[in-house]
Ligand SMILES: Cc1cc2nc3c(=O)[nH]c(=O)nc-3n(C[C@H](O)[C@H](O)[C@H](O)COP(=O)(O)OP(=O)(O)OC[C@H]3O[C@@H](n4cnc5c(N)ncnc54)[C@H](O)[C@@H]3O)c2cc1C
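The data below hold one chain only, encoded as structure tokens and taken in the form predicted alone.
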């Protein structure tokens, strides 16, 4: 059987791409072994919640804000308008996959090993044989397959573990040069994780890779990269679920438009670049690349109300794109 679109990966990018394509009448197949647990802090950000809402079936805890620390300096941002949620990532992924299947997408529990574009189709080699499709969306995270398609070559190394501690109502981040650690409250425990740019931290836990920003090219003749496979993770706070879901939707819209001669596949790149403001987030991340800047950043959140509100707006995307005055104020504060 030949499909209109093969979607490789059943995370938020893949499932929402498949759901949209299926709802638009395209014969769609999801390819995923469905045997791996996604290592993720599991937070639906304020930006996600505003756009998509949540379903109680996967919500574990409502969050009030974020607590930051650098060495012995501690700061807190309590969200004034926004709300975020800590979720059960496995339940979230299952919910989204079932929605895609209900919309008409097929599911093949298999592992895609390679893709080859052959003029008018994409041949996908899997452990169980070959699948043909007109187009493919690679949404398989940081993987051997995504690298073959031009996916992320730069990433952070993360280790995460579950601790049965009394959970609070804030997401917590401990800032450090070259990485950070975090703590996410769940229903009856917390997930703690640590990241490093130089290799996996020497601590027990489950390991994963987080891409460090978008790749140079997210399309080819018949293939689009979405979610982590395209490097769509905020370089400032490490958030990726919103970008995964939205990029999957954009990829589906573009491919559907191509089949109706409304656009071309290369339009995908301009569409996501127009929506995702990674440049400002990357600028902030670069400014926080030394201990002095991290110290000033944390102290300013603690002591300067204007700075606290500015960072809140950036984190919650209430201020979708900070103005030049805000950026100048941010820079002046961090280099003073």
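Numbering follows the first chain given and starts at 1. It should be emphasised that the depicted structure is a prediction, and the values quoted were computed from it without experimental measurement.
Here the subject shifts to the form predicted together with this ligand, a form of this protein not shown in this document.
For the candidate set 75, 112, 133, 149, a heavy atom within 4.5 Å of this ligand in the predicted bound form is found for exactly one residue, namely 112. Note on contacts: among 254, 145, 100, 122, the single residue with a heavy atom within 4.5 Å of this ligand in the predicted bound form is 145. Using a 4.5 angstroms limit between non-hydrogen atoms, residue 175 is distant from this ligand in the predicted bound form. When contacts are judged by a 4.5 Å heavy atom cut-off, residue 246 does not count as touching this ligand in the predicted bound form.
Residue contact check for residue 60: none of its heavy atoms lie within 4.5 Å of this ligand in the predicted bound form. Among heavy atoms of residue 40, some come within 4.5 Å of this ligand in the predicted bound form. In short, of 162 to 170, 67 to 75, 220 to 228, 261 to 269 it is 220 to 228 that has heavy atoms within 4.5 Å of this ligand in the predicted bound form.
In the predicted bound form, this ligand lies within 4.5 angstroms of at least one heavy atom of each of the following residues of 194 to 210: 208, 209, 210, in sequence order.
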